[in-house]
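Okay, so here's just one chain, in structure tokens, the form predicted on its own.
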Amino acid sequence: MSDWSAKNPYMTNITENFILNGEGSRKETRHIVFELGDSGLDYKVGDALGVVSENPPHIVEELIEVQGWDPEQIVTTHNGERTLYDALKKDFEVHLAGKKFVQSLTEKVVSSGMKISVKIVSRSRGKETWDSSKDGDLPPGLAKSAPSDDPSEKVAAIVGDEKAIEDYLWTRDYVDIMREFDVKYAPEEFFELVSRLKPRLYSIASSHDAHPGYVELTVGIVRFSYHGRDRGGLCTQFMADEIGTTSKKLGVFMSPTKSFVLPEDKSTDIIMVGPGTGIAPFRAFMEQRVFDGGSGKNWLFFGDQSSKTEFYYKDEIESWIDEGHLYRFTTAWSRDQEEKIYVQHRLKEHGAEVWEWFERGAYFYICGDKKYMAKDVHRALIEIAQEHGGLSEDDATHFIEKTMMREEKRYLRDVY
């Protein structure tokens, strides 16, 4: 065990940082490789890598500008004395606004008759859709409760409703809100209202046996633009843009898993379901299974929008198939045909064989989206147990949720 942790990360370099998507993709998914050097850091497949990121320079600079702060002012934070610029860059989450800050507007904003110009955004399954807006328009859910343009009344309407706060924060960061309401804070006052910067955890996409001295990730880079300003995922943009493959160092540490592990018996068959960046731990699993040379069969379900633009690790996957390491590879490309096809549909199509594997003691793994995909896959497994196992819905649910997940621990999830 090493002494490296979130509070004491190992400072390292990124040695590879390249886009996995094909030309024309609307996504940006990267393969990122970190050097472990003399850290003594070790990991097993299934573990996660913690990455200590920093806020984007342009967000920090805009925040300082809108508040009129001195970037060289010495301040004290939970990490000790440092310049205000460094505190905003490294100590606090300033790329997205929080509820506590919005609630503080109640004391800051006074009635002034000031016109507020905001944009309405509707949200559907993670997609953002702009609607037309005019001066005086309100965030979703506020039209009935705040017909007035008075700033204090608008603030009261927002903070008085949990849903209104959530909708308001959906497209705004601190700079947006400060400009909208023309409010000023002392640095120390601001620090009391914002969250401390937290590391981000990513499923490791490599086997240490296959890549000694390195750890690798599969990362979806999050980018978006609201109110005429570019922004995005804190850590993903930090790794893609600010670090890249420069000599600038960043902090990492290991976050071991106790449950998301390969079977000890290397003759055990495994089924892996990892659409999109959910493929990360299963690339690691496959590398480890090849290295270990066990007799267990490997079946991978993978999918994304299109085989032309999101077929991550295609060459590696095809070599595993050609060499007999990957027994079955089942794909679900949602946009390559008129009908949307996802991994849960493919599981049900192959339900009879999936059930046979379960009866032989196969392990089942899933990695990826918790809100939609994992729920759909879970439901598909229950339906497979009903259709091909001849179980009632109650018995099928008991088998999947209690027998496989809790008692036998061979239905394992890494969802987020």
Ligand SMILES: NC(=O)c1ccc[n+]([C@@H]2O[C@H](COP(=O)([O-])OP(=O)(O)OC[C@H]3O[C@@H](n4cnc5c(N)ncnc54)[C@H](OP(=O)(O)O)[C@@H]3O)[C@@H](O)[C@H]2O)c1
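Computed from a prediction, not measured in an experiment: that's the story for all the values here. Residue positions are given as counts along the sequence shown, with the first one as 1.
The next section is about a form of this same protein that is not shown, the form predicted together with this ligand.
For this ligand in the predicted bound form, the listed stretch (354 to 362, 367 to 375, 386 to 394, 59 to 67) containing residues with heavy atoms inside 4.5 Å is 367 to 375. For the candidate set 334, 268, 83, 257, a heavy atom within 4.5 Å of this ligand in the predicted bound form is found for exactly one residue, namely 334.
Only one of the listed residues (77, 305, 106, 319) places a non-hydrogen atom within 4.5 angstroms of this ligand in the predicted bound form, and that residue is 305. Under a 4.5 angstroms non-hydrogen atom cutoff, this ligand in the predicted bound form lacks residue 165 among its neighbouring residues. In the predicted bound form, no heavy atom of residue 379 sits within 4.5 Å of this ligand. Although the partner is absent here, residue 222 lies within 4.5 Å of this ligand in the predicted bound form, judged by heavy atoms. At the 4.5 Å threshold, heavy atoms of residue 314 stay clear of this ligand in the predicted bound form, well away from it. Within 4.5 angstroms of this ligand in the predicted bound form, the stretch 11 to 27 places a non-hydrogen atom from 27 alone.
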